[in-house]
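Only one chain is shown below, in structure tokens, and it's the form predicted alone.
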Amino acid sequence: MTTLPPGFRELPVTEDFLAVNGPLYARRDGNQLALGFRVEQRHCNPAQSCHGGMLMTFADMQLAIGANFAGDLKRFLPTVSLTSDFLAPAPLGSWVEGRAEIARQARTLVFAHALISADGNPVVRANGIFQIRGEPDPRFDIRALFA
């Protein structure tokens, strides 16, 4: 069991990919969803910092899940584009956390950005574009987790 900041709880996982890379934790902050994880040895590169691939994975999930929550979309949002800038390392044991904001939502696309920090220090700036398709699906109703 990892020590969590106040208000965070484990995000339920139903897919193998997230189960292997997680767990992820979530906290509702008004109309935003904060996601976080504790950097474990398995997430680290040889320098004992969180591997860039794990930070990109987290950024992708943060943006898609956070945009889904903020926009109350209730859909799976496939990634169309994801860019990131690495600002600093996230050391072993640090708490990595982010909040996504919707920059623009169109009929079929949502544009989101996030600043991700480790123990309060910015480590990644990320931008993503996600496709909105299909009808709302209760499996992707992120807000229901916090009702």
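Throughout, we count residues from 1 along the sequence that is shown. Predicted model only: the values in this text are computed from it and were never measured.
Omitted from view is the form predicted in complex with a further copy of the same chain, to which the following refers.
Checklist entry - Pick from His113, His51, Arg28, Arg38: which has a non-hydrogen atom within 4.5 Å of a further copy of the same chain in the predicted complex? => result Contact with a further copy of the same chain in the predicted complex is made by His51 alone.
Item to check | Partner-proximal stretch of 28-36, 53-61, 104-112, 66-74 relative to a further copy of the same chain in the predicted complex, 4.5 angstroms, heavy atom | outcome: Correct option: 53-61.
Checklist entry - Any chance Cys44 has a heavy atom within 4.5 Å of a further copy of the same chain in the predicted complex? => result Yes, Cys44 lies within 4.5 Å of a further copy of the same chain in the predicted complex.
Checklist entry - Is there a heavy atom of Glu15 no more than 4.5 Å from a heavy atom of a further copy of the same chain in the predicted complex? => result Output for Glu15 is yes: heavy atoms within 4.5 Å of a further copy of the same chain.
Checklist entry - Is there a heavy atom of Thr79 no more than 4.5 Å from a heavy atom of a further copy of the same chain in the predicted complex? => result It does: once a further copy of the same chain is placed as it appears in the predicted complex, Thr79 has a heavy atom within 4.5 Å of it.
Item to check | Residue contact check: Asn121 to a further copy of the same chain in the predicted complex, 4.5 Å heavy atom | outcome: Judged by the heavy-atom cut-off of 4.5 Å, Asn121 is well away from a further copy of the same chain in the predicted complex.
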